[in-house]
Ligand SMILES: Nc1ncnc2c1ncn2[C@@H]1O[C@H](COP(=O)(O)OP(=O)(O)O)[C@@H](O)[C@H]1O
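Single chain ahead, written as structure tokens, the form predicted alone.
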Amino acid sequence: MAATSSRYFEARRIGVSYDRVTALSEVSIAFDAGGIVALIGANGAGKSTFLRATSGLVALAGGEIWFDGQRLDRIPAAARVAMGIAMVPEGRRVFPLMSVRDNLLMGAHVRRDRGVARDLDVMLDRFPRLRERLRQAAGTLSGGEQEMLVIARALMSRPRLLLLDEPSLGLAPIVVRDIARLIVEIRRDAGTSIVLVEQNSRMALRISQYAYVLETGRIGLEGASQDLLNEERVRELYLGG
């Protein structure tokens, strides 16, 4: 096995276990910079576990993860944020008693440059509803507004790799379309690489370039997203026929 990786991101045969339960087994995922990669599959397939392993929230039971030429799985979670990896967890985990402004500034807590105030304005221009609610407690926002807030908070760290865990979960269809459009804009405007975990498989495949299908902790299928949209097994199991 090579000592480094030529890919921007590469997970090599990684495994994760919770107690004696295997969540991921021999999972290999690789991609180059600047695209959107989707992870789809049923509940419990291991999609969120993969993101948690990448961000350092769970330890590997085996395998390696490489990011931009560095061995990632040996680096603490906080240091991964400083390297440019940001995760938006499932469930819109805002700091509910803090204002929208303070939630956004929490996203920049690892930064030491002088561009935080400028980036705050950029986020408020991109998310005008957040500007309208800047001093409002985050816990009083609607579900769609909270999702925008946690994405904007992650972007305040200036990530090179953005991990999105179920951003459309529980949102109305019109808000889901807004979130999908936003994800595409982030990739296009900032060149940010994105790993998108989604139960809304159709949306995920439509906005991504490449996709992996996780089945009970293993890669069942992979390929260009457009090809998987037309793949009979994927259509039957994940797209409603």
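Start at 1 with the first residue shown and count on from there. Remember, it's a predicted structure, so these values are computed and weren't measured experimentally.
One more form of this protein should be noted, the form predicted in complex with the ligand, which is absent from this view; the next part is about it.
This chain is drawn without the ligand; in the predicted bound form, the residue among S48, Q209, T192, N200 with a heavy atom within 4.5 Å of it is S48. With the ligand omitted here, the record of contacts in the predicted bound form names 49-57 of 65-73, 177-185, 49-57, 26-34, defined by a heavy atom within 4.5 Å.
In the predicted bound form, no heavy atom of A172 sits within 4.5 Å of the ligand.
For A61, no non-hydrogen atom is located within 4.5 Å of the ligand in the predicted bound form, even though that partner is not displayed.
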